[in-house]
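Shown below, as structure tokens, is a lone chain in the form predicted on its own; questions about how it binds or moves come after it.
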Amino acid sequence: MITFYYTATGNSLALAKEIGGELIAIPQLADFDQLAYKADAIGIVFPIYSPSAPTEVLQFLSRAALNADYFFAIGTFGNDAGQVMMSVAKFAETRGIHFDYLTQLQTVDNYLPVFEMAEEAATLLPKKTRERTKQIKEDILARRRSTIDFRSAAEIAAVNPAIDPAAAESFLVDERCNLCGICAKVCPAGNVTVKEKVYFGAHCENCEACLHWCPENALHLKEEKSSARWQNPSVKLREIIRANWQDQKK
């Protein structure tokens, strides 16, 4: 079994680790021209950034040749998953991929303009998340088939890129920044560069990994609920760097 994953603050990686199989970080595949994989089961785990999946996840589905008897997709979300999973499923169908198992897992919402992290983490009961994670793992290992029932007749929206060219205008770097480069190493989009100062490019996914993993809490948004941050307790910083830092391949 192969489990592809995309992660920022660690929620999706924590789930991918629980599911198991050969874990492959999608950002590490960005520079590969040929992507062909075959396994008894192939899955993809990613965060839902309303109203879409991360752009790199959609690009991966467009480029990869995947061969398996069983496909699964799981989206992690905080406040509202919307109909993103069904949109991704429709997108995958156009690439010849049919998800036998499609579901989502509610986790801590790390969107700083809306949620105060300490309150958000306390609101979501860890036991509920663990129980749901266990059920998802059991379903996949048993090769169960399931799709999401939205109980809605609303038309499923088309998949739209999550890239925000203007996102850099919302970032602030304060005097605590020591140019350690962690922000660049955890960015799954390769959108942060650290030289004599921190530079943000025009390909931000709004995942906020740079803010949440900054060891000095030196990165902020112009509008955020508080300076509190979130990192999934089941994931270490080195795992996020190994998954997302694209320059480590050079």
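Bear in mind that the values here come from a model prediction, so they are computed numbers and not experimental data. Heads up: residue numbers just count along the shown sequence, starting at 1.
This protein has a second form, the form predicted in complex with a small molecule, left out of what is shown; the following refers to that one.
Although the partner is absent from the chain shown here, none of D40, F72 and S146 has a heavy atom within 4.5 Å of the small molecule in the model of the complex.
Put simply, of A81, I97, A168, M86 only one has a heavy atom within 4.5 Å of the small molecule in the model of the complex, and it is A81. C207 is the sole member of L58, A184, A189, C207 with a non-hydrogen atom lying within 4.5 angstroms of the small molecule in the model of the complex. Contact annotation: the small molecule lies within 4.5 Å of heavy atoms from the stretch 42 to 50 in the model of the complex, the single such stretch among 28 to 36, 60 to 68, 42 to 50, 194 to 202.
Using a 4.5 angstroms limit between non-hydrogen atoms, Y111 touches the small molecule in the model of the complex.
Taking the partner from elsewhere, F77 is found to have a heavy atom lying within 4.5 Å of the small molecule in the model of the complex.
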